[in-house]
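The data below hold one chain only, encoded as structure tokens and taken in the form predicted alone.
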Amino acid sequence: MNFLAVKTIFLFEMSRMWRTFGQSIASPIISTSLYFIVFGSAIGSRISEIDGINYGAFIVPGLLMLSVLTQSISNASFGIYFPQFTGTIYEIMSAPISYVEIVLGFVGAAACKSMILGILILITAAFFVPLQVDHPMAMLAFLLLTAVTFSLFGFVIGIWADKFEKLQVIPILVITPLTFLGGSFYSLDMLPPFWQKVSLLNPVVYLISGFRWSFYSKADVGVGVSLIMIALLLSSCMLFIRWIFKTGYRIRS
């Protein structure tokens, strides 16, 4: 393992977060704070508790997951797309490092940035709603696994995209709707039986449900099922990235 190469890529990507602090950190925190103000304070004051949880506090895991998912994808996709855009990807590929080390550097930095953002949003949420975390270690584990999984997914998008516009297509048109329809603002028990079954086809439901359990010990689906879903998504992304480097898809031409 070439740790120096991994460290170099990791530190370079992390430095970009501080150079673009407003876009990488400030903007997501401000946007999420507005959700807390509108949904948690304004609308939440008119909604009764859900499963015995204050509505403002109930939506925290979903909003946090929304930010982590989108930022993980954005950070990783731009991180690997930019070297392709400038042509420096060929210098990276010709260096004496394996694809595993390349992925560790880019994905590790993207996941780390998402973790930092998630923790900052969690701290921010405490100023708006009565927050509790019943299982802090499980919360951090879910946060880390989600950040890594969707950073890997973002890495795939970054290699697939051939235009800047394509970097935002899947996060905006797929991930964000799935997150809003994945129980971010409601419990699946509030839906009619048919739509409850349909919602179970949404993989984000399992992520939000498991994450909410780590806060309030209540979930729409079993925690074990949530972990299995994360493991399946993580494994799928890893296998797809392995295929990309094995075949040279969009990185050798």
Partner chain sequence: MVMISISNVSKSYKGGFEALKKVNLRIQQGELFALLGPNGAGKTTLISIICGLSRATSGAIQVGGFDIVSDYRQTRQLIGLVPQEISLSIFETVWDAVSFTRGLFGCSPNPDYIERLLKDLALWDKKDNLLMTLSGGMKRRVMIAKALSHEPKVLFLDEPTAGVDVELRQEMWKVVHRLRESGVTIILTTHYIEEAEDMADRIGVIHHGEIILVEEKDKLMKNLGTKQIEICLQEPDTVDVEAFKDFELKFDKSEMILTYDPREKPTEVEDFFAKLTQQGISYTDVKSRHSSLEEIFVKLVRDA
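Positions refer to the first chain, counted from 1. Given the structure is predicted, the values throughout are model-derived calculations rather than measurements.
Form predicted in complex with its partner chain: not shown, discussed below.
For its partner chain in the predicted bound form, the listed stretch (130-138, 168-176, 114-122, 84-92) containing residues with heavy atoms inside 4.5 Å is 84-92. Of the heavy atoms in residue 145, none are within 4.5 Å of its partner chain in the predicted bound form.
Residue contact check for residue 12: one or more of its heavy atoms lie within 4.5 Å of its partner chain in the predicted bound form.
The closest heavy atom approach of residue 97 to its partner chain in the predicted bound form falls within 4.5 Å. The candidate spot formed by 5, 8 and 248 is fully in contact with its partner chain in the predicted bound form: every one of the three has a heavy atom within 4.5 Å.
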